[in-house]
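Just the one chain here, laid out as structure tokens, in the form predicted alone.
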Amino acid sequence: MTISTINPATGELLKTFEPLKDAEIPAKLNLAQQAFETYRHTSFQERSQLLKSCTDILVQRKADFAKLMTIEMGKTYKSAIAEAEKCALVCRYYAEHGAEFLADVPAKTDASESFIRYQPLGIILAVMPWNFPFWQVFRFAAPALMAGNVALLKHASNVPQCALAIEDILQTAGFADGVFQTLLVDASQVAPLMADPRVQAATLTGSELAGGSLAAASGTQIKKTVLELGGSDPFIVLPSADFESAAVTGTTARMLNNGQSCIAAKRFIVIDAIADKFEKLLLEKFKALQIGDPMVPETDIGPLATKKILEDLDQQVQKTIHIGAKLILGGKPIPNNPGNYYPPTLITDIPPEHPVAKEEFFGPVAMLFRVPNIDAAIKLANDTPFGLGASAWTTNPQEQQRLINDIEAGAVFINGMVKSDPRMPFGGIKRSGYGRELSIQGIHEFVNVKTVWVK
């Protein structure tokens, strides 16, 4: 197994790391358990101060962290700056609200005193993806550490420098040794980690395959998991919508992170009567996007993270065209380029009953479907194994309520782009996973909700 940094924009191997040997992992677990025995007794005020220190470091060094993200996985530098700032935001959010979220909750019973107390579980294993290499980690770490847990991070093998930088941020902020550790390990070492009795729970963001594997390993051990997996999010446009705003937002939502986002708008579902007009607008926006060096401020679309992702995406596109879909724009890797570049691509006339219409395309590829009415739009939106997010555009209040109630997803955004926000819970249903991150629900995922009854 190779753990290395390969620049997606050039294909250049920049740095290689030696993975931890099996014999080295017990020492990491011992250190984490020892750290927990002390850290669990720290006050909310102490933990809050540590998270505020993380906020300061993330803001002060965001340029360094952004460059690292861009070099390792290809996201545009400007979006990487925004990611570092968002990590600072989630640290500040839990620093300010964690004590309130974890305060004892009184209950009226037949006891003299009864209440609910939230207490940390212990070591939490986080298996994290490469696409948002800082954000995915901090949106788990901030609430988990605020709750008094300690963490082990198994990050994606193509972002090792990001993984090590995050550990350094937390140590520099003042967290004690062992409270947060990065483990440079292979995916095959996750199941043995879950089998260790010191690991109490796990969270994973990634593919269905990876989620199923972790769920199976944790189920055997009867341990809690939170899974955030894939998505094939619908973007529904109805006749009363502001078409220009929908097209601008839809372009941003599909091309976010070079198209590599679970909550990207992947299936555009448009009412027949307005489909020609909306398709034209969307095509104009796609054509205007600048593809190139992700470090350049003017660049809108950088490379995909790995060569394999590029190859897999192109195979999906070719398969879609082969079954009768119509290619409007793009559809081939950019030739004579050492990087993993795929252009903005728009496909229409996809047979909606074909399995490919329900798949997740993890890159800058949009599928556009035409439907006769809102009933058909909702039916098609739900006709997928996934249920992460959905964006729908209408100014009709009755239609808005239909969409909110009937779309099967963990989040529905009306006249806006699906996004994660520390103030709101984040997660999906169906094969998009279970459990929630962020907000009060996120911090309650990895605690013992203890009933206390005193007479």
Ligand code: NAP
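This is a predicted model, so every value here is computed, not measured. Don't overthink the numbering: it's just position in the shown sequence, from 1.
Not on display, but discussed next: the form predicted in complex with the named molecule.
Only one of 163 to 171, 141 to 149, 218 to 226, 122 to 130 places residue heavy atoms within 4.5 angstroms of the named molecule in the model of the complex, namely 122 to 130.
At a distance of at most 4.5 angstroms from the named molecule in the model of the complex, all three residues Met1, Phe362 and Leu388 contribute at least one non-hydrogen atom. A heavy atom within 4.5 Å of the named molecule in the model of the complex is found for exactly one of Gly302, Gly231, Pro344, Gly250: Gly231. In terms of contact with the named molecule in the model of the complex, the residue from Phe36, Phe426, Phe413, Phe65 that brings a heavy atom within 4.5 Å is Phe426.
The named molecule in the model of the complex comes within 4.5 Å of no heavy atom belonging to Leu380. Contact annotation for Ser213: at least one heavy atom lies within 4.5 Å of the named molecule in the model of the complex. When the named molecule is considered in the model of the complex, Thr205 lines it closely, a heavy atom lying within 4.5 Å. Although the partner is absent here, Leu183 sits far enough away that none of its heavy atoms falls within 4.5 Å of the named molecule in the model of the complex. Contacts between 176 to 194 and the named molecule, taken as any heavy atom within 4.5 Å in the model of the complex, involve Ala187, Val190.
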